[in-house]
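A lone chain, given as structure tokens: the form predicted alone.
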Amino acid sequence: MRFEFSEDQQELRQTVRGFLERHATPDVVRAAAEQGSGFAGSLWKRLVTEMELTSLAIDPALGGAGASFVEVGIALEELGRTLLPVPFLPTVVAAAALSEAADHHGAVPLLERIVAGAAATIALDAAHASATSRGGAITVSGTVPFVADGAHAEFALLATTLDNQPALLAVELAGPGAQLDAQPTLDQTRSLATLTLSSAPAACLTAPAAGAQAIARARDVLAVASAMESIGAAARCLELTLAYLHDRHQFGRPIGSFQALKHRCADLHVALEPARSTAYYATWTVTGAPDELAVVGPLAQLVAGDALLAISRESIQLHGGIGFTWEHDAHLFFKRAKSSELLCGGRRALRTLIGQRAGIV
């Protein structure tokens, strides 16, 4: 079987990349990341209204484009190249989870809000929060740390327990009983927040018997989204490094012509290409082969994260003295690699999960 992008998908990539190259320049990204909020608000508005990227895979009946997660992955990859601080990743993962639950309770109004431009966030490991149901009303209490882009979202999807059963809940972040506090973070291009809930009203998006399955699938889609973002960042980081090695001269010749540096760059290319192929395949499995997603999703996240970490680490070294300074962008890619690794629970946890699901462990 041969996999390749269609003409429409290639055109989508060119459109998104062209927009980001014009507007999401390194200076714009740095300004947004360093201003404290870690949010490029004006560009985010254009991405969701003019380009309608967050509604790519939402049903046309709800105002979306009806595309697959492959198209969403293309947008994630291009945004990963810029490290633009916008809540695109959590919003599209939330949209995917809501689309799965579109025939249950309040999922449809939330999808329509995303189409209209609302940002969402996700907390799929809300172990310290729990919900109860009394008289048909659901409330949730607890503390949820490390909520990605929580300060910029209107609502959150929480994976927690409802009456001791796994459930996926929706909570209004500006509603009663919900408080967000900014957390210090290594990666300035992705803000984090702690969500404190005190009997906050919530809506359940899953049937009692389907909660665990819905949460597991949402986590796998998150893994694929993270993988696509990581390979975009890794590819751009490698491109910038190769350009520097071409332009920097020593002993009358480009330093990229030295054999030792050629070998190091070749190793980085070898690390990137299988990660790219795995991530591309994983985006297809979201709708094309859902039975494979449980293994391929975390596998893509693992190899893409490893590739980004290796390339960003070597990029700092290969840039020489300038690579170690705050003025250079190399550290931004390295920080994204580390923050993505920690948010997914670490590489060891991913390897264990993959082994268990593949029947190896």
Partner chain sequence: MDLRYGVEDDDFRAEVREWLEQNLRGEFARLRGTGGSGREHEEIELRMAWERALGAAGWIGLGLPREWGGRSATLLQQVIFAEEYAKADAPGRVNHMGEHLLAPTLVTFGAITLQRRFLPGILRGEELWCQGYSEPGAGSDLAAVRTRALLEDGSWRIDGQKVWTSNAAFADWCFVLVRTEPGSERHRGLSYLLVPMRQPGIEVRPIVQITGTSEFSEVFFDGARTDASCIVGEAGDGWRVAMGTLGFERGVATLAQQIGFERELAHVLELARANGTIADPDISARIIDAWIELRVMRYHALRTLGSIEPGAASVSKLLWANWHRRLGELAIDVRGPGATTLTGTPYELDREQALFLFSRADTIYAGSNEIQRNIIADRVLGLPRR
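Positions refer to the first chain, counted from 1. Given the structure is predicted, the values throughout are model-derived calculations rather than measurements.
This protein has a second form, the form predicted together with the partner chain, left out of what is shown; the following refers to that one.
task: Decide if the three candidate residues Q188, R248 and L299 all line the partner chain in the model of the complex, where lining means a heavy atom within 4.5 Å.
output: Every residue of the candidate spot has a heavy atom within 4.5 Å of the partner chain in the model of the complex.
field: Residue (of S133, S257, S198, N164) lying close to the partner chain in the model of the complex, criterion heavy atoms within 4.5 Å
entry: Exactly one listed residue reaches within 4.5 Å, namely S257.
field: in the model of the complex, the residue from Q213, T139, S277, S99 that sits within 4.5 Å of the partner chain by heavy atoms
entry: By the 4.5 Å heavy-atom cutoff, the listed residue in contact is S277.
- prompt: Quick one: is T143 in contact with the partner chain in the model of the complex, heavy atoms, 4.5 Å cut-off?
  reply: Flag for T143 set to no.
task: Mark I322 yes when one of its heavy atoms lies within 4.5 Å of a heavy atom of the partner chain in the model of the complex, and no otherwise.
output: Flag for I322 set to yes.
message: Since only the chain is shown here, I'm wondering whether Q317 would be in contact with the partner chain in the model of the complex (any heavy atom pair within 4.5 Å).
response: Yes, Q317 is a contact residue.
task: Determine whether any heavy atom of A40 comes within 4.5 Å of a heavy atom of the partner chain in the model of the complex, and answer yes or no.
output: The answer is no: A40 has no heavy atom within 4.5 Å of the partner chain.
message: To test your reading of this chain, name the stretch in 107-115, 165-173, 284-292, 83-91 whose heavy atoms come within 4.5 Å of the partner chain in the model of the complex.
response: Result of the contact check: 284-292.
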